[in-house]
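Quick heads-up: it's one chain on its own, the form predicted on its own, in structure tokens.
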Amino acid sequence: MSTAEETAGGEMQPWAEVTPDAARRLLVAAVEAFAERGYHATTTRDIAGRAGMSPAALYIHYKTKEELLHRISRIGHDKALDIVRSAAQGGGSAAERLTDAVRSFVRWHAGQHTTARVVQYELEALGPEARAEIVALRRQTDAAVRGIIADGVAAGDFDVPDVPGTTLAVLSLCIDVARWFNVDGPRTPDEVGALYADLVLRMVGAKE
């Protein structure tokens, strides 16, 4: 599945807020190029060509290749944080909220795996200021999941000796889905989300 197909068919695809249309086309092309070739091996000419534009047209909307990556990363991390925070602030027990968070987070990383690979694995290509901004969003995502797990421990519903370490393990497990997910594989994004939610509940020792 290409990023364009993800954009057309993925209900959780976040590019709708990127305007005008030319800027969105360039961003989608950049995601595809970065995912396929890596940030450093991709040129602005590659991106413009995929979008059906001239290299000069790219600079009308983005000053640099890094600005494109920053925009992609910011939108993706905002979406990831929204997914997790929505679950954390929802009703129900800690187990129900953790299930919701993991299922939704994994579903996004599977359903939007091309985008998610760029969002999650090209962070080091950003300059210090942009990278610090994204790291701050990651810490908020971590805090939201950590809060759910801590609530479960406090309620006696989870058996977790190391809450920060377990939070890191949970998030790493979810994020890695973007690296290996294959649309031609045996499971859909929904099925992978359900599987991982069950695995995570086992990790935290959730009581029946």
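Residue positions are given as counts along the sequence shown, with the first one as 1. What you are looking at is a predicted structure, and each value in this text was computed from that prediction instead of being measured.
Below: the form predicted together with another copy of the chain, not depicted.
- The putative spot formed by 159, 162 and 202 is fully lined by another copy of the chain in the model of the complex; each residue has a non-hydrogen atom within 4.5 angstroms of it.
- Just one listed stretch, out of 146 to 154, 53 to 61, 22 to 30, 169 to 177, contacts another copy of the chain in the model of the complex at the 4.5 Å heavy atom level, and that stretch is 169 to 177.
- In the model of the complex, none of the heavy atoms of residue 45 sits within 4.5 Å of a heavy atom of another copy of the chain.
- Although the partner is absent here, residue 124 sits close enough that one of its heavy atoms falls within 4.5 Å of another copy of the chain in the model of the complex.
- A residue is said to contact a partner when one of its heavy atoms sits within 4.5 Å of a partner heavy atom; residue 195 meets this definition for another copy of the chain in the model of the complex.
- Though the partner is left out of this view, residue 36 does reach within 4.5 Å of another copy of the chain in the model of the complex, counting heavy atoms only.
- Note on the partner interface in the model of the complex: the residue among 131, 117, 85, 79 having a heavy atom within 4.5 angstroms of another copy of the chain is 117.
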